[in-house]
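Each of the two blocks below gives one form of the same protein chain as structure tokens; they are labelled structure 1 and structure 2.
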Structure 1
Amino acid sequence: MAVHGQDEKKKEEVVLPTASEDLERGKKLYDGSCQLCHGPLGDGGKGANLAQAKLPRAQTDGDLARVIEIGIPGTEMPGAWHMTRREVTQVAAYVRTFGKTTREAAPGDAGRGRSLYFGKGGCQGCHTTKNPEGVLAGGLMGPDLSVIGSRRSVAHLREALVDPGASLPDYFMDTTVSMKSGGKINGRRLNEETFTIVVQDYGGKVHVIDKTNVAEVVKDRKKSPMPSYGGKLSASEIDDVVSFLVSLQEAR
């Protein structure tokens, strides 16, 4: 019965409120709970870009309300358990207003950006995207960029190139584990539970570490293994790479 109830909830049709007082309340709730990750205008940052006419994971109003209410398992998107059902729909209604605004155009040339990405920038060494033959390829140390243009704004993509430590996902947090027996493991934290911590070192090896053997764990939320490209690429080259990244869209 519980599973059946969940299935019915998934199929639930939602009509979002449209009154000005509902949108005002939705904005207040959004500003308090959502803008830190999604930006004050919904154009992304640590969280997804919501300033789109169609959201890949929430194409219907019911989908959007459900994502807000229960979150997205396996990601940093939590559920809004503190909100009433009415408040969830008010936030969803406000989020929909972002998709009605004109999206910022990406400067630069995507073709030149592609060449820089696979050439001078060396980005494919850490990030997965489609190679020039259209096949998913690349490294796994950095975030998957194969559809990054659907999820992040132009401003966020530029910031990530110039100041990569400004807005890091928790699962790419630089972590140093000092062992009681001596020695250290430095890399990105993949997972952490009561008794274990999982770290992938910058050579790509995954370590599942028993915390009883750990002397200290140091996490740096502002340190990124990715270098700043502000000094490696010219301003116009950064524009080109941003334009290429914006072109990496999810199929609709």
Structure 2
Amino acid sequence: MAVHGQDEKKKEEVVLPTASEDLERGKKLYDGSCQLCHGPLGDGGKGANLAQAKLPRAQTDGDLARVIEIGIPGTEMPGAWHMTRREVTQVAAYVRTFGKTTREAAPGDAGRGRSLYFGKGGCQGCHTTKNPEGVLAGGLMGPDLSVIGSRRSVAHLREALVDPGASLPDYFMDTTVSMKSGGKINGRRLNEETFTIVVQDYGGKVHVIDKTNVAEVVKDRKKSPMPSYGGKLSASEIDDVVSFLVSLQEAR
């Protein structure tokens, strides 16, 4: 794609193709150029989660085509300079299907899943969701799950329950900081800059640590403080909890 003429293109209205050949071609291009970062189902990894009804940086189809074409400067999101305009719209059309397939059929019973979530599962101790009274409540150690059904695939949700370390969300990094004075802080890394590292321990307390006092920092991309529920819940109970999570949808 030529760089000049971008201003005219900005105003140009983009209409995404809908024919099945175009979507198939879009899928091939996506699998070749995008899935490494965005995941085979678009639910994210190194790249942003694309399986959402609204993409914050690509609300209109024109914005979506532009993000794909020129990337997001200053981030890991590259521009697809090697693609023709038509290919860009084919990939964009395919990307839009991720946001629509979020209401996948889940095999369990969402009502029973809700009881397990608030009862035996003890999920609320670590996660925020609307409680049975409709009020957002719960622990802060794990991510907010109040609209997780709009964000993640059934397969990812099941994996999160059975094998929590398998695909940690991008923002989650288990971190152990050993201080020069002795003593360790273990928790999730919230932020890190040249001179400070901010860690929230698994009790919820936030530590702002001066790096000059630190002997060693060990980060583990595979470790999750969430216990596996593979042995704690039966297969059908896991299905029920997954169905409950799928029901937690963003208002449209």
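Bear in mind the structure is a predicted one, so any value in this text is a computation, not a measurement. Rigid core here is just the name for the largest C-alpha set that superposes within 1.5 Å across the two forms. Residue indices: 1-based, along structure 1.
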property	result
Which of the two shown is the form predicted together with heme C	2
Post core alignment: Pro78 C-alpha displaced by 2 Å or more between the two structures	yes
Core-aligned C-alpha movement of Cys123 between the two structures, 2 Å or more	no
Core-aligned C-alpha movement of Thr18 between the two structures, 2 Å or more	yes
Once the two forms are fitted on their core, CA shift of Gly62 between the two structures in Å	3.1
